[in-house]
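Before any questions on binding or motion, here is one chain by itself as structure tokens, the form predicted on its own.
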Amino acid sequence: MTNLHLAVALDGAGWAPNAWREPDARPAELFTARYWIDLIAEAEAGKLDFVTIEDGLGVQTDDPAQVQGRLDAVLIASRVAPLTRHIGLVPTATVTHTEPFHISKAIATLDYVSRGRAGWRVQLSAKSAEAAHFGRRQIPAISPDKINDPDVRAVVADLFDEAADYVEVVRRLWDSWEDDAEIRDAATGRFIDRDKLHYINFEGRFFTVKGPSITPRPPQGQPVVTALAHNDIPYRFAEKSADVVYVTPKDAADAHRIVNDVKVQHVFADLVVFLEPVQNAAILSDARVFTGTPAQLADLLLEWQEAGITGFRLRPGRLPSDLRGITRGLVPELQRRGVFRTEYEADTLRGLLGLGKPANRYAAEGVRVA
């Protein structure tokens, strides 16, 4: 059996609604750099492939008994990056209502700051209240019980088509500088070779972007693009746009069905996990909720790996306790079974995932900046 890939999803005090009230929670520090530094250092100590950091364009809930408010995920990752050495950093950034030029620059910068460990969790916004924050467009209210109605599916499909164009623009901007475009030759006075900067000339339904980027090509060439998908429309988006897709199977049979349906190199299964004693883990979630021991969770992961899942994104129910349950309980158990690394084997996120550095799409085309 091949080694599995393991990531954690970090969100506030954890994925349980009342996690912030746990004895070892740190609710007063949620908006401090130290809080995120400590969590990601713990994840790196567990040799995890990467962490994702949740974000959004609206508050999480209207319930005053739950955590509300966030720091910017990309800025968190950039703050933590110089203090880590191996773990991948994958912040969430929303495509709806934002501009691809800005996100391309932000993720490219993160790749430089982390020395090649950046990724991006693409997220779209389908909430009318979030659209109102920007005032540029209207999105109709979408009721979960109407998600399969033809009119609603058309709206959702449109948002995902926009997201696909967005990612394509970002990827082209990452390639708009060739890897050796920077000469930095003080003797000749040439800092860049302008023949190695390229217009992207993207014209589509949603965006018209000439380029090039103002940030040189990222160290990885293309930082790792990831996305969460639950059904057919986002599955097709992931196939077109993502290197890693997060899915939410309920059991091994469901995992097998999803893997056969989604043609993405890395299919990660999401699980909400409680690995410490818990009184009530009956939370509502799009992903399966696991409560048990590290050994029991290891059994489940290996069963789903047999079904074709290549990795797992675990959502700790409570932070930091369930994160420690992953790094200090689950990881040693998987290592004893010979299915998880004992040391990092690569210096980049693409390297950890077995993804080679892609060729620059413009290098051979010669469409330079005049």
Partner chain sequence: MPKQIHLAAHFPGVNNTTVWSDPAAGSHIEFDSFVKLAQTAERAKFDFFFLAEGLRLREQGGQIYDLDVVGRPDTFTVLAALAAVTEHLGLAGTINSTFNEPYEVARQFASLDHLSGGRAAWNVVTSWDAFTGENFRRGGFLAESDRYSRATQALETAKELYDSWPADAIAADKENGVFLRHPDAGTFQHTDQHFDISGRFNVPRSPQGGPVILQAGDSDAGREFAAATADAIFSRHGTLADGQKFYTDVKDRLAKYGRERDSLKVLPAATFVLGDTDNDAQERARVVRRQQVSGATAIKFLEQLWNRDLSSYDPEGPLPEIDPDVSDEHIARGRASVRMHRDPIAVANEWRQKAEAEKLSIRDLIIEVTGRQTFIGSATTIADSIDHLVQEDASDGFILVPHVTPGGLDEFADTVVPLLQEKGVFRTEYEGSTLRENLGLAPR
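The structure presented is a predicted model; accordingly, all values stated were derived computationally and were not measured. Residue numbers count along the first chain shown, from 1.
What comes next is about the form predicted together with its partner chain, which is not displayed.
Annotated contacts: 277, 329 and 336 are all free of its partner chain in the predicted bound form [non-hydrogen atom within 4.5 angstroms].
Residues of just one listed stretch (288 to 296, 119 to 127, 211 to 219, 245 to 253) have heavy atoms within 4.5 Å of its partner chain in the predicted bound form: 211 to 219.
Checking 171, 105, 266, 86 against its partner chain in the predicted bound form, a heavy atom within 4.5 Å turns up for just one residue: 105. Its partner chain in the predicted bound form is not approached by residue 11, whose heavy atoms all lie more than 4.5 angstroms from it. Residue contact with its partner chain in the predicted bound form: residue 180 places no heavy atom within 4.5 Å of it. Residue contact with its partner chain in the predicted bound form: residue 356 places no heavy atom within 4.5 Å of it. Contact between residue 31 and its partner chain in the predicted bound form is found at the 4.5 Å heavy atom cutoff. Although its partner chain is not shown here, in the predicted bound form the stretch 42 to 71 places heavy atoms of 55, 56, 57, 58, 59, 61, 62, 64, 65, 66, 67, 68, 69, 70, 71 within 4.5 Å of it, in sequence order.
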